[in-house]
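The form predicted alone is given below as one chain in structure tokens.
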């Protein structure tokens, strides 16, 4: 009997060491372990050093408490206007309560994925195709609100849902491409027409301004011409008055000067006419020459008078 005592003591020591090691649980950062005793949840082990009762307690579930990403598989959705599109997405969530995530739902990620796919069909099925393609942010917000509310009892928080791709059928994509091309051509034609209209307006404005300037120029020229004729008439009147005074004083050379001047002007107009190849001189040409002689004599008298005055 005394020989079995050391063996018994050694066995107890080994068993104590095994129990001590089994009682220690180290939980890494970002993880939490659920603790069960006889199959019933009794608590949650936080990150760090933890001690449990071996044999009676066991680790139930190891829960990742960090934010996780979950792919939402591609699926076909029928829109409100009966267009078939293929949609996939991605979901971000974080477990806030390890016990609820472990015991309120079985296969948490599958449940979240199925719930998200169902709500994608519900939300996107209530919208037209144009809304589907242009209001992706609204779709994400509506999905986030619905899925986060539905998964709240599972102890998780859905932080974000993003629709990755919306793929319409191939024939619909071709139709949309033709529509987009027609719309771009329409806008190009509108811009071209607008440019042509602006060019025509500017051209008309330029022609209008040119016509105004030309009219003002003609008016100014007519005014100048009338002024010149007025000056010429005044000069003619002054010359006529001076000749009349000379005649009244008995100066016959003044009459000759006046008549000769008119003859010369008439002959000048006849000679300068482009249609006249033959010039017919009137019979009174000799009179004209005599008048010119009178003019010369008148000039000599005038110059001689000036010389006598100088002497």
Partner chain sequence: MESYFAQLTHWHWAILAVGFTIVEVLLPVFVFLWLGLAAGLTAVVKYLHPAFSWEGQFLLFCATALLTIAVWHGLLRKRPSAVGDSTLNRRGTQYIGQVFTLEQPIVDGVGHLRVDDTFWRLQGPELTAGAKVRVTEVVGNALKVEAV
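Positions refer to the first chain, counted from 1. Heads up, when I say rigid core I mean the largest set of C-alphas that superpose within 1.5 Å between the two forms. It should be emphasised that the depicted structure is a prediction, and the values quoted were computed from it without experimental measurement.
This protein has a second form, the form predicted together with the partner chain, left out of what is shown; the following refers to that one.
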property: Segment assignment from 41-49, 242-250, 259-267, 55-63: heavy atom within 4.5 Å of the partner chain in the predicted bound form; result: 41-49
property: Residue among 126, 74, 159, 175 with a heavy atom within 4.5 Å of the partner chain in the predicted bound form; result: 159
property: Contact label in the predicted bound form: residue 69 to the partner chain, heavy atom within 4.5 Å; result: no
property: The partner chain contact at residue 36 in the predicted bound form, heavy atom, 4.5 Å; result: no
property: The partner chain contact at residue 272 in the predicted bound form, heavy atom, 4.5 Å; result: no
property: Exercise: residue 149 in contact with the partner chain in the predicted bound form, heavy atom 4.5 Å; result: yes
property: Stretch 5-43: residues contacting the partner chain in the predicted bound form, 4.5 Å heavy atom cut-off; result: 5, 6, 7, 9, 10, 12, 13, 16, 17, 19, 20, 21, 24, 26, 29, 30, 32
property: Is_shifted residue 24 between this form and the one not shown (CA, 2 Å cut-off, rigid core); result: no
